[in-house]
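In the form predicted on its own, a lone chain appears below as structure tokens.
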């Protein structure tokens, strides 16, 4: 298990994340869904609990812990709600990225408010017509005196419903392709920022997904995090981690689904015996348990490689492809094992199924993982 290589401090963090989720997320996750709302007050409680500073350097006010510790903490949170875990993770990542790459004066002014949860962060990559094709961004950035003028729209952005700061990517010269992309830290309270209404979904409302438009939005030079030629590479550097922790979150959801299904099928009796004793049901749950073990091994391997600074491109792609595909299938199997009761709101399975489907798209769809792995086939097996 990954926990075996964590430090005592990191294992304590995982335990705190688990306790936080049981107290603050589990009792409210269903209500967030039915009310179609973003749980800002719980995100802020997560900030007070330090869930947004796990990887943040100690000299910036963080805990300076490993990626593996962060992954395990959020796997525990996702057992109760993927959407909340993903929203909290995105804020955490915005905090760490801004603290690492921002200009000192800009960081000094804004970072304390992000750590406190007064300003929620997000990453502005996807656009209305651009998803996985990151090199095709349409948001334009033009150099002006003392800064940059930005125009364009972002869509499918986690935390967009409330974000006060976004790490966004924009194209400075389309002729340069991905080499023309630059990265900026923008603030929602500046002129030219127009927030779109949150998207109405069939699940995962706690993710706060939506978008915003920038209309002649001017940022000062200090808001440039990565200039053209470096921003694209910087964005890709974080994608392996995203794929690994999304895979781990899928493991958390399936763990909770299996626990629910096994308890139910032990208690529910049909034809004179517990439902779990029927081979057709039992073997489906056995398959789910085996897939859970395999997905965890893939996810944890990718996490260890990321912490070691090793090449995690393929391990992260394998983890995300397998974990997201199996989570959709196996959570559905857990619902099936419970019959129609598996869809009742008192159980979390339908919410986890929606979360697994969201996971199948975010940070590279299953199809994109197939392409990534496929490109490497000649080198690995040729």
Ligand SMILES: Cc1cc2nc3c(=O)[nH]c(=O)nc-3n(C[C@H](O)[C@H](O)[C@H](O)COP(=O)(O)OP(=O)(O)OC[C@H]3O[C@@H](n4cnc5c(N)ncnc54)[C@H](O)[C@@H]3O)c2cc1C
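Bear in mind that the values here come from a model prediction, so they are computed numbers and not experimental data. Numbering follows the first chain given and starts at 1.
This protein has a second form, the form predicted together with the ligand, left out of what is shown; the following refers to that one.
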4.5 Å heavy atom contact, residue 14 to the ligand in the model of the complex: no
Does any heavy atom of residue 125 come within 4.5 Å of a heavy atom of the ligand in the model of the complex? yes
Should residue 201 be classed as touching the ligand in the model of the complex when contacts are defined as heavy atoms within 4.5 Å? yes
Residue 156 within 4.5 Å of the ligand in the model of the complex, heavy atoms: yes
Go through 114, 185, 209, 77 and name the one with a heavy atom inside 4.5 Å of the ligand in the model of the complex. 209
Hey, of 302-310, 287-295, 251-259, 82-90, which bit sits against the ligand in the model of the complex at 4.5 Å between non-hydrogen atoms? 82-90
